[in-house]
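This document starts with one chain, in the form predicted on its own, laid out as structure tokens.
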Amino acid sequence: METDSQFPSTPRQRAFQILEHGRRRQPASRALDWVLVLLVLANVAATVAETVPGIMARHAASLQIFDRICVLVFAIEYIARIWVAPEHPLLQRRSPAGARVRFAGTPLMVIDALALLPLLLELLFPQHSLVRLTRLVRFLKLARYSPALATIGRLIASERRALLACVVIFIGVLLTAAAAMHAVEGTIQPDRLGDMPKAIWWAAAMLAKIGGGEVIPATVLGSIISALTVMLGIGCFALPVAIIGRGFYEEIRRRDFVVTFAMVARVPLFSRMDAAAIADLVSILKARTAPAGTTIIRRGDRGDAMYLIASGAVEVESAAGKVRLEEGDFFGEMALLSREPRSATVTAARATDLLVLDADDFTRLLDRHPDIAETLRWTAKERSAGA
């Protein structure tokens, strides 16, 4: 199945490549993503414009036609994604029907389905103009095209217990501040602090911003309560921000580690290393992406790193001519071993994922793994002979 995903032969496999796989490298996939993103933004902007009476009076028919076109495109996209679901690597063991049902229940597909719901509501309740505002749910479709939004969603789910504790703390502070102020100044300012709902509103305003609006404490104790409430409000909002910030950093670091680990494991040079050794190597390797046509190293430059091709291809141009290196190959080691300037210019033949090993780390790697050192020296000797 892996070969089929790399070289799609059926219409469904080709559609899967465009819709769900390899977006970064396929121009058709990138173009489709941009078209859908722009369509979502235009549809949301049109929905907002429909709330303006002057625009609605002049362009009601045009805006409705545009909305129907958007719904048609979104419906075709939804059906196409359901159709290609059996090609998903995680669903290939299921039957086609089972894969489609399972895929339809994923969060992003649920959002895509909700984007079609406003049309049904408008057909059922044509006289209710506010029903049109349900179209704004389509803005959530942008989560599919933003890895950062998906990352935030995952970290909120993983940190839900800590965030729930923050909510409990906030409610506790809110009720305590409201009760204290109601007890101290409820009789002095009955119109503003005379009951708990009014006091809770004051406490919420104090926790959320500096100042409590028109409510000014009339007593020294009330002023002290107000000052404490403001300071506690800073902590109540800073705590969840710190939790989300830390979780975002950990999520990015974990994702980078997993991606780099998978890239390293695919390189034949490291095929004999166990998982622990690969994990150690991941910590010193740096991932780099080279778009097609990018010059990675130039002839005559000082050798400062070795490069391994995790995916893609490069062209090596030297005095002996041009050589093409594919996934699993490596280059740049000759200058590090001989400590001489680069003897070739290397250019990315297509979008290429590289693993970069700095000169100092390269030396340490050879000391730790003599078998890798032997392979690199043998390869460098062959390439020198060929040149």
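Note that the coordinates shown come from a computational prediction; the quantities given were computed from them, not determined experimentally. Rigid core: the largest C-alpha set superposing within 1.5 Å between the two forms. Each residue number is its position in the shown sequence, starting from 1.
Note that the form predicted together with a small molecule isn't included here; everything after this is about it.
For L325, a non-hydrogen atom is located within 4.5 Å of the small molecule in the model of the complex, even though that partner is not displayed. Put simply, A335 is close to the small molecule in the model of the complex: some heavy atom of it is within 4.5 Å. The small molecule in the model of the complex comes within 4.5 Å of no heavy atom belonging to V173. At least one heavy atom of A344 is located within 4.5 Å of the small molecule in the model of the complex. Here the chain stands alone, but in the model of the complex its contact with the small molecule, taken as any heavy atom within 4.5 Å, falls in 325-333 among 325-333, 62-70, 356-364, 46-54. Screening A290, I297, L91, C236 for any heavy atom within 4.5 Å of the small molecule in the model of the complex leaves a single hit, I297. Of the residues V316, I111, I200, I244, just one reaches the small molecule in the model of the complex with a heavy atom at 4.5 Å or closer; this is V316. Core-aligned CA deviation for M334 between this form and the one not shown: 2 Å or greater.
Superposed on the core, the two forms barely differ at F74: its CA moves less than 2 Å between this form and the one not shown. For T295, a C-alpha deviation of 2 angstroms or more is recorded between this form and the one not shown after rigid-core alignment.
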